[in-house]
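Have a look below at one chain only, the form predicted alone, in structure tokens format.
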Amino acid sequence: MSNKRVFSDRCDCEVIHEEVVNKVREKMPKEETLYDLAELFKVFGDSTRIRILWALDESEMCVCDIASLLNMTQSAISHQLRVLKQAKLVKNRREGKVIYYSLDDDHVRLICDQGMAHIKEG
């Protein structure tokens, strides 16, 4: 037999560090807030939406432009833009018959940049 150690995801004891638990509990956001955060991250869980956000980080674009760039139908892009708009990740403005989309604010850019930095670390 080998002497390899097997590491478990669990403690080998049943000690509760009350001070740590209480400190974290005091700072824990409300359950509703954490639910909303989880819902926001679900929106980032689709590669098409990520591609749209990436494109809009480069330039304001209309549905036609995004559809051409991603080789998708305008209908499919419109659907994804609706999801992104409901999550307050993109905004739009009308210029005549054309509706231009852009990132809602710098927080969206920061989330994408941080995610990209994280995946490039390892």
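In this text, residue numbers run from 1 along the sequence as written. Not measured: the values here are computed from a predicted model.
Just so you know, the form predicted in complex with the DNA exists too; it's not on screen, but the next bit is about it.
(message) When the DNA is placed as it is in the predicted complex, are Met72, Arg94 and Ile99 each within 4.5 Å of it, taking any non-hydrogen atom of the residue?
(response) Checked in the predicted complex: all three residues contact the DNA.
(message) Test of understanding: in the predicted complex, would Cys62 fall inside 4.5 Å of the DNA by heavy atoms?
(response) Residue-level check for Cys62: yes, a contact with the DNA.
(message) Please tell me whether any heavy atom belonging to Asp46 falls inside 4.5 Å of a heavy atom of the DNA, as the geometry stands in the predicted complex.
(response) Flag for Asp46 set to yes.
(message) With a cut-off of 4.5 Å between heavy atoms, is Ser78 one of the residues that contacts the DNA in the predicted complex?
(response) So Ser78 counts as contacting the DNA.
(request) Would you check, heavy atoms only and a 4.5 Å threshold, whether Lys42 touches the DNA in the predicted complex? (result) Yes.
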